[in-house]
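Given as structure tokens, the chain that follows is alone and in the form predicted on its own.
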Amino acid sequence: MTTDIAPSIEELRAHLARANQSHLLAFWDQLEDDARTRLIDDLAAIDFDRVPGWIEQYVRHKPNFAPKGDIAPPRSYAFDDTIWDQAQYRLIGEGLLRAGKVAAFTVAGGQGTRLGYDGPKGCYPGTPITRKPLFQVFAEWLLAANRRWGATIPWYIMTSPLNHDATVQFFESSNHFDLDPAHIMFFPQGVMPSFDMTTGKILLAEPHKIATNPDGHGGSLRALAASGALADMRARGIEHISYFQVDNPLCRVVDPIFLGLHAAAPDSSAEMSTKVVSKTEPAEKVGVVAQVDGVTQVLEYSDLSDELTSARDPDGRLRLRAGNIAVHAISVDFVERLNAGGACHLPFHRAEKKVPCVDPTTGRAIDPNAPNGIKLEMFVFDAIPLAGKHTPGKGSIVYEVDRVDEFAPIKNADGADSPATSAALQTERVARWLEWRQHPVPRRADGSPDCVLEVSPITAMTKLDFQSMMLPEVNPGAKVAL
């Protein structure tokens, strides 16, 4: 079904009957005209020709994503390895930035619910001293990058239907953080219908409204095309996309070394590349990048056996330690190829959730106290094995970076990946940069900094920017923002 066709109610009933979803019109005769219009719009957004296949594959069955084949660590370029020429690839990446060939792309569809925050996650105060919103941290990266490389790096921000308006309003009220709004584009991600986990029927949220859920960060690849963002990139001469998710305040929004590797390394397809950090322990809940029968891909931690997760090399390090941090370099050509034919069909991942709905027979509202629905999402990393399919001997570049320099996510209110752990990592990063300059930093008996430190990307994008700076004295217990 498409929105440019207005079917009669009889045609609509016949179409739904073929997909065994006639119940979606159960309340049609009771609806006012505007409610009917909203329901038709919801129905028109669903590809009902594919619904029976989704139900059979993902609702009636649970797909098994456990890896099959020979599993090995990926070939990677490590930040602390001297056997490859970092300077060479930095120059290549800087050339792409100066030529205006790179765009920044933030996936920001999430809410701050798990953080106890009422609003888009990107509006959450993510720095330890000045409490800058995450969006502001990334905006300052772009301001610094634009000045350094003398180019305009456009910023594409994927929201969700739930937080789109609030995100746009936040930027407007913040004067777009001094960026030119002509070079920022917002667009919402797509949605998928939610299914009853017992019957496979699409759930109704209200008599006139389909129960839907965002289609996952993998939906970003088709949203780029559907929104017109991809066409806008083409018009601007963009060739490569710097992809990152909104919850990591240490993310390098554009990284010339990574971009250079992605675009020019001899084993790169220049289609999709990924950053990793070394896992801290077997139980760390991050996907791992590995080679399965020679093909680079991301394996979810929940799909790995304890034996694989815990296996170690002779030097004692985890064998599968390349933790996925959701930072990628993706070519515009690759995204266009994935969307050829009008859709980007990555595999769906199934999640059992509690989905409020209405009984299609009685209209009674149901607020379940146990999972009753199946939500389907796509994951962006499932595109990695497709990189290089048409370039034999080339594939997805894996670049291992320093966790303290680049990965301090804010996902949970407490415990791992919380504001507290992120603040500690942000402080540790600045402390190491200061000590690299031989500048004293007070530390406690356990080695942690006895202070709180923060640096804006406008002040320093990497430790190299500390080389010629006047640095402040840092006393025990001090809070210092640079």
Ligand code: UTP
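Keep in mind that this is a model prediction, so the values were computed, not measured. Start at 1 with the first residue shown and count on from there.
There is another form of this protein, the form predicted together with the ligand, and it is not shown here; the text below is about that form.
- Among residues of the shown chain, residue 200 is not one whose heavy atoms approach the ligand to within 4.5 Å in the predicted bound form.
- By the criterion of a heavy atom within 4.5 Å, residue 329 is excluded from the residues contacting the ligand in the predicted bound form.
- The ligand in the predicted bound form is not approached by residue 133, whose heavy atoms all lie more than 4.5 angstroms from it.
- Heavy atoms of residue 164 never reach within 4.5 Å of the ligand in the predicted bound form, leaving it off the interface.
- A heavy atom within 4.5 Å of the ligand in the predicted bound form is found for one listed residue only; from 350, 217, 222, 252, this is 217.
- Among the residues 229, 322, 107, 374, the one placing a heavy atom within 4.5 Å of the ligand in the predicted bound form is 107.
- Here the chain stands by itself, but in the predicted bound form one stretch of 389-397, 201-209, 330-338, 107-115, 107-115, has heavy atoms within 4.5 Å of the ligand.
- Heavy atoms closer than or equal to 4.5 Å to the ligand in the predicted bound form belong, across 385-419, to one residue only: 411.
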